[in-house]
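The chain below stands alone and is given as structure tokens, in the form predicted alone.
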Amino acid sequence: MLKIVKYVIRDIIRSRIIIAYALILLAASFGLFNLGGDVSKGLIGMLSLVLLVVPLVCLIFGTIHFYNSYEFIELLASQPLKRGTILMGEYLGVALALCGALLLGAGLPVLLYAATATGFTLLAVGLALTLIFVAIAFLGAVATRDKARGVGMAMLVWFYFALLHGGLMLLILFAFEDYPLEKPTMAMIALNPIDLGRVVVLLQMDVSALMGYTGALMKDLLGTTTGIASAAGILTLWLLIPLALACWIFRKKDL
């Protein structure tokens, strides 16, 4: 598996797309910290950047990479290698390359301007989202052979998690505002890793008012060490379930 991971990382670096991704993140991050004039404003801008850009790049890049590597995957499958090993090697190569780009593009500005618990929490959330959405990208790519359909599915997944889910959640909360909503609100946030990451970072910044309608509720539910640990556990499930499903489908699929 290690040889597959090394080959995938070298192949990704040679394509230079990952380098461009890191440089764009670096330029945007430095710009947010310098233009805002305040570390807190810079972190809020960084949070928006990470929550929107990282999942989109991971979904699109992960999906396209899988389809472009199909011949290489078929070659590996003809060797005495387990299919789970092949898929995990591909996944780790892509995920580690994207995590490295994130650490360079967003980690360096955070270390220079906001080396605090909030800044490191933001980076941890960004890394978690990278791992999660690469896993979701691989699940979608494994499930369908058609490249156009796979990329379209990736775009729809990003649109739902980044934009549509929040609107649906607010609609439900306002429609049932006369009822106790603590547990349903927590369940709805847990169903979206982007929203969950946003809540965790904003609670670290102690600006729960910026979370709007759910701010006061989330401060009680996730503003403690136990709450942060629970959020980490939920994000871990968001990683493991798509990856396990992708491995299961890949083992049974005709290449």
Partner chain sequence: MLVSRHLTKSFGRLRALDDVGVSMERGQSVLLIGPNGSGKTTFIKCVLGLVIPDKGELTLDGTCLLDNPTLRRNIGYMPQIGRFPDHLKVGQIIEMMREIRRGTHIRSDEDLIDAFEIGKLAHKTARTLSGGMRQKLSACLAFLFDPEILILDEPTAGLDPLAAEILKEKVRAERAKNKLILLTSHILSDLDEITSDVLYLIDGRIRFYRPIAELFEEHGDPKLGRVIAKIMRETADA
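Numbering follows the first chain given and starts at 1. Note that the structure is a prediction, hence the values are computed from the model and not measured.
The same protein has a further form, the form predicted together with the partner chain, not shown here; the description that follows concerns it.
Using a 4.5 Å heavy atom cut-off, which residue among Leu156, Ala77, Ala124, Leu164 comes into contact with the partner chain in the model of the complex? Checking each option against the partner chain in the model of the complex, the one that comes within 4.5 Å is Ala77.
Taking the partner chain in the model of the complex as the reference, which of Ala143, Leu170, Leu81, Leu108 has a non-hydrogen atom within 4.5 Å? Selected residue: Leu81.
Taking the partner chain as it sits in the model of the complex, is Trp248 in contact with it (heavy atom to heavy atom, 4.5 Å or less)? Flag for Trp248 set to no.
If you check in the model of the complex, is Phe176 within 4.5 Å of the partner chain, heavy atoms only? Residue-level check for Phe176: no, no contact with the partner chain.
Partner contact for Ser15 in the model of the complex: the partner chain, 4.5 angstroms, heavy atom: Yes.
The partner chain contact in the model of the complex: Asn68, any heavy atom under 4.5 Å: Contact with the partner chain, yes.
I need the one stretch from 132-140, 68-76, 97-105, 115-123 whose residues put non-hydrogen atoms within 4.5 angstroms of the partner chain in the model of the complex. Of the options given, it is 68-76.
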